[in-house]
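Just the one chain here, laid out as structure tokens, in the form predicted on its own.
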Amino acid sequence: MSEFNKTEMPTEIDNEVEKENFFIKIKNFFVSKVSNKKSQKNQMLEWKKDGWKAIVSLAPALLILLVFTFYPIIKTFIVSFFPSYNYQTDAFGQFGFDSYATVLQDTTFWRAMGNTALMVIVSVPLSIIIALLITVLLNSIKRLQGVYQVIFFLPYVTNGIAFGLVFATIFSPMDYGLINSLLNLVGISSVHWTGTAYTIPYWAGIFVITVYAIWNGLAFKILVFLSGLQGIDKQYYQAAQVDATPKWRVFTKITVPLLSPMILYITITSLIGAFKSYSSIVALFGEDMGNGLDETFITAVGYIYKYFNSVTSGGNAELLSVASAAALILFVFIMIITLFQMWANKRKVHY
């Protein structure tokens, strides 16, 4: 009997220890739950205490956005469905789709969309590729890297109209223009690149617009790509260096995939910016946007401003509905292309 008790005692002690540990775990569980609830309540109290500070800080920005962004967008959407809207009297008139029909049946609008689409197709891919290559080269330079960055960033802080006037001087249609002077040196006659008093060849105008768009957009793209490139872990490049991987393969297999989020962001913003081209066209070709009243290089935004100017300067108050309809159609085009771009690159972007 005594031997039996000796063999059973450790089991009883173990059971008691397990029970005690079990109750301790239960106790700790409920204590942690209570402490979590208290911490959540404290956080809520802190948020309620400091919430008014956030409201006061955000109020000016929200008010400015409400007055100058959200209200004009909503009003533009409403006005586009009232062809007889008069902004002077704020009389809406009868509801209808006549303004949309006017825009969609206008050959000038489709010419403006064609010019805009051509600028997007040509300038956006070229600017992204050139900016990416320059970024890789800048990142590999150790000396005077900051100086080169400032040089490439200067166009971003320069006024668009002033920058366009510089390009208009470089591509002047006169013989003393920089490009024409170089062409004359090799025996090629001068080309009417820009200006308002000349018949500008379509290819020449598109070439100048493309060069302007690429150079004007390089600064921001390089800045974004450079920040993303410097954030890539150096171990990837060290491993490639150990394996003696060619530089072009490092660029295509490491740099580009790891920069894919920045590339997608730059692509979307560049597409939107290219669709909004207007100030550069005016700076290069004048308010008539090329070849007198023919509006050869008119863009979608230029088309909208054309009707808007006729409202404000010409006194045709009812044409504001046409400008609003054109703005809404352009907005839909940009939104569709942006959504398609995000969907098409969803699997190619690595976060």
Partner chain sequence: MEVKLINLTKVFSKKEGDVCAVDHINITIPTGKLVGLLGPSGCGKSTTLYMIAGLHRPTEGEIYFGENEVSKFPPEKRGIGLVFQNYALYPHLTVRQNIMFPLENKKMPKQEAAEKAEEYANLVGIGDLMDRKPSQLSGGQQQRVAIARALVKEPEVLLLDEPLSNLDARLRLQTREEIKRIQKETGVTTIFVTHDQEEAMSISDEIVVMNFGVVHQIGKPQDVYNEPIDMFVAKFLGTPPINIIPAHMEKDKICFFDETFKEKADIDAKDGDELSIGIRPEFVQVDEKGKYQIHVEMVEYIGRDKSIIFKFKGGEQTFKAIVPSTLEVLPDTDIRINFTRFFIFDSEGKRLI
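Residue numbers count along the first chain shown, from 1. Here the structure is a predicted model, which means the values were calculated and not measured.
Quick note: we don't show the form predicted together with the partner chain, though the next part is all about it.
*Asks:* Which one, 68-76, 151-159, 91-99, 243-251, holds residues whose non-hydrogen atoms are within 4.5 Å of the partner chain in the model of the complex?
*Replies:* Result of the contact check: 243-251.
*Asks:* Quick one: from Gly114, Pro257, Gly273, Pro201, grab the residue that has a heavy atom within 4.5 Å of the partner chain in the model of the complex.
*Replies:* It is Pro257.
*Asks:* Answer with one of Trp110, Tyr236, Tyr265, Phe220: the residue that has a non-hydrogen atom within 4.5 Å of the partner chain in the model of the complex.
*Replies:* Of the candidates Trp110, Tyr236, Tyr265, Phe220, Tyr236 is the one lying within 4.5 Å of the partner chain in the model of the complex.
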